[in-house]
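One chain comes next, on its own, written as structure tokens: the form predicted on its own.
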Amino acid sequence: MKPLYCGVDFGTTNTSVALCDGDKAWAIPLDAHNDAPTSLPSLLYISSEGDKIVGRRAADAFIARNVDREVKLRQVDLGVAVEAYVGAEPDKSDAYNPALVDSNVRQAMRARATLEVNSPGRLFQSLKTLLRQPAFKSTEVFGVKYQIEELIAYILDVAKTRLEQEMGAPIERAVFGRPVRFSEDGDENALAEERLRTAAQLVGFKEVLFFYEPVGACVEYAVDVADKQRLMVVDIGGGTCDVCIMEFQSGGTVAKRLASSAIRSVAGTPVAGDALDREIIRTKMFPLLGSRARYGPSQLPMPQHIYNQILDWQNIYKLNTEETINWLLAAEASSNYPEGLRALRCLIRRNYGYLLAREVESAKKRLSETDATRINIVREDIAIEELLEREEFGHIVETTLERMLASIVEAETRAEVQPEQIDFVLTTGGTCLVPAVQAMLKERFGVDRLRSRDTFTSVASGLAVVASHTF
């Protein structure tokens, strides 16, 4: 039996793994509950009982346990007295006499915190984007502290278990993908890679090599093509946009072609599909939820912090407090757009944030096949049937697209090549299917040179090929 080698693509939105026997590579099914079984949603749900649920079931558990749940809060005394700073605003009452104040007496206040007392669990998503943040060292979940590496390890453990089931033996070595830039900051970039390495080691990978994700996708394509060629890979997923340009020589074995290949340049930016979804929600959904409404005798504008929290759908339930709901009821009674605030209140009370996010993402995907679609969310007091046209979508996400295009131009500049000097442009990652992204690439390179690779597994397959020629 041929030895098998492993490639792991831990993504912001989805995780995939692949094996290679030296001749061919194939992706391993990871999540039977997901629409694409070879793709494991990078989600972790920790219940109040301490259960760890990963993948599509994590999202399902979060929704099931939070719909129509009212948040109960209580204040707790932290047992700390904090010296009050009163010099900036002295007592202005008639009874105040500075001559009678003892300078040796320090005023103080008791430190308190507001805690949720009935949470059934906590959901973690987009953990990959937290790797680069030095301030995120650990988080407490139901009295237990978890480091970012531990949280990611729970997701990687599912992938490793499935790999070992497929191989029928323990696996200790793997090539892991990484974006060209976790962050624009060099120190944060290095920190993110080291944290991902630690997470891999926690689940038993003793030897971990890192390889740029777009280079992995380039290898996945090139091993089956014997011609001399200059390739560009554009890999746009949920959290990052990565670009690389490689050159391959003709003929020979796969090992020889890989040995003679050259990476001419890499570039990237931490902006991708999640940013497109947020722009749709901000532009199309917020107004239907009353973001432009006025309320009260003075017809005040709605506070935007409420809507900003909606962008982070797994935390919408935190708005479902008696205080917030009563405030929305009062605002609704005096608003010029009561139906919008009523829909907002329903969204919060029934915890429909995930429903909103999934429908917006689905509408974005549908635009790949049609010029227009509708975002339909009809639940109780929510009656959204909003038209989203492909051309309008392009305008909504124009700024985000400009950042993606800048990465492509940067890769070309570093490689000292012009667009017409690239033989083929390989696209991978779910966001490359978005019409506005496709239009951008077609305008720059022409439709004949675009080659679409498997959306979720091409990177992992390429990494497995690299592993077979590295270990």
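This one's a predicted model, so the numbers in the text were calculated from it and none came from an experiment. Heads up: residue numbers just count along the shown sequence, starting at 1.
There is another form of this protein, the form predicted together with a small molecule, and it is not shown here; the text below is about that form.
Proximity to the small molecule in the model of the complex, single hit among G273, G268, G290, G177 (heavy atom within 4.5 Å): When the small molecule is considered in the model of the complex, the option within 4.5 Å is G273.
Position in contact with the small molecule when the complex is considered in the model of the complex, options R197, R374, K365, R282, heavy atoms within 4.5 Å: When the small molecule is considered in the model of the complex, the option within 4.5 Å is K365.
Contact of A59 with the small molecule in the model of the complex (heavy atom, 4.5 Å): Answer no; every heavy atom of A59 is more than 4.5 Å from the small molecule in the model of the complex.
N14 within 4.5 Å of the small molecule in the model of the complex, heavy atoms: Yes - in the model of the complex, heavy atoms of N14 and the small molecule come within 4.5 Å of each other.
Heavy atom of E361 within 4.5 Å of the small molecule in the model of the complex: E361: contacts the small molecule in the model of the complex.
The small molecule contact in the model of the complex: G239, any heavy atom under 4.5 Å: Flag for G239 set to yes.
Stretch in contact in the model of the complex with the small molecule, which is absent here, among 299-307, 137-145, 230-238, 158-166 (heavy atoms within 4.5 Å): Going by heavy atoms within 4.5 Å, the stretch is 230-238.
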